[in-house]
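Below sits a lone chain in structure tokens, taken as the form predicted on its own.
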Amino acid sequence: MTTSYVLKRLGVFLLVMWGAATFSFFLPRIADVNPIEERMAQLASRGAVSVGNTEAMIKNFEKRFGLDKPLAEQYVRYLWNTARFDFGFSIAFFPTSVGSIIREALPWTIVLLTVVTFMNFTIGVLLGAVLAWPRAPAFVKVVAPPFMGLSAIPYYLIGIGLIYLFAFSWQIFPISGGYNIGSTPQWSSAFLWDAVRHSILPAASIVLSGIGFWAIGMRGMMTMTMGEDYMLLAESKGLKGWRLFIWYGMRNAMLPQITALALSLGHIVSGAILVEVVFSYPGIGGMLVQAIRNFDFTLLYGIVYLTILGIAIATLILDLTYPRLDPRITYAKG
């Protein structure tokens, strides 16, 4: 891999981030809605503000958030602040900063989805590889079909079913939230256990829906790998059992799956939006929904930008490390 190629990829990365920032800036403005007016209308409907003072408050807040400036000036200031990861204050949760909201919500999403993603990948890849193996145990063919069927069901629908069975009917797990009402997040065994109990159903809904997806993809790749010349040569030399299965079969069939894993990890920042909404989980996905509902431009900017940043970084790392994963891949000019 040449230095010029690395610099080229870094240039593309910066271009993508500029495009992401520009897209997230102009997209909310297509609706032609003043977020300050919308927020004041919501507060006035609840009796939180006096209707007579609304106009003055709108002007003050527009000046505070820079919405009274020309669009070009807003855009330039936004790019400068975004480059420094300074998204300002939330419109809906003023005077709380966007950074503090994201810092509170992001760990919940990262921990939950990182664990779930690796569980899906490990179980699904192994299950799909064993299914394609001619000498696979018989019980695997019994276990696999249910997971294949669940992969066709959206995970939020599975989540609703799990809530009905395990939280409403049998009351084994909490019905919603990330921890018990009245608890304060802290590093203690009691709180961590409480958080784990609240995360089991959201995690289970994603795992049950995701294992079949990984298994189907791995089974297809493993089936194609079985017919490759190096597999036939290794078998003709007397290699059998797990060595042939793992080092010659799975090792080569997993490369497309690793690509999908890297992209899935990049999407973790956005959260499993619908699952977090269904379970009222305090993650970044639920915050994104609230930002859209409240026309909270600044919070929306921060979440969308960090989401695209995560995907772009995962893609960049994958692109730069792929030749090390598969020596047959080279970026040198022929």
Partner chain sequence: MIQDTAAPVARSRRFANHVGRLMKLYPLLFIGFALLLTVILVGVIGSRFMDPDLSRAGSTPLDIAPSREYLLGTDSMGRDVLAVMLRGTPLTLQVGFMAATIGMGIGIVLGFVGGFYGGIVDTVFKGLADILITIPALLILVVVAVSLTGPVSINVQALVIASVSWMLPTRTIRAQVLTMRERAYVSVAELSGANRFEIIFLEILPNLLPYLAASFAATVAIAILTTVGMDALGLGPQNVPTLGNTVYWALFYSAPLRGLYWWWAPPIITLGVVFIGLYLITAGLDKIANPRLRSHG
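Just so we're clear, the structure is a prediction, and the values are computed from it rather than from any experiment. Positions refer to the first chain, counted from 1.
In what follows, reference is made to the form predicted in complex with the partner chain, a form of this protein that is not presented.
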To test your reading of this chain, name the stretch in 81 to 89, 160 to 168, 100 to 108, 185 to 193 whose heavy atoms come within 4.5 Å of the partner chain in the predicted complex. 160 to 168
Please state whether all three residues Leu7, Leu10 and Tyr281 have a non-hydrogen atom within 4.5 angstroms of the partner chain in the predicted complex. no
Residue contact check: Glu228 to the partner chain in the predicted complex, 4.5 Å heavy atom: yes
Answer for Tyr75 alone: is it within 4.5 Å of the partner chain in the predicted complex, judged on heavy atom distances? no
Leu288, heavy atom within 4.5 angstroms of the partner chain in the predicted complex: yes
Counting only non-hydrogen atoms and a 4.5 angstroms cut-off, does Val304 reach the partner chain in the predicted complex? yes
I need to confirm a contact call. Of Ile172, Ala152, Ile200, Val142, which residue comes within 4.5 Å of the partner chain in the predicted complex, counting heavy atoms only? Ala152
Looking at the partner chain in the predicted complex, which residues in 205 to 219 have at least one heavy atom within 4.5 Å of it? Ile216, Arg219
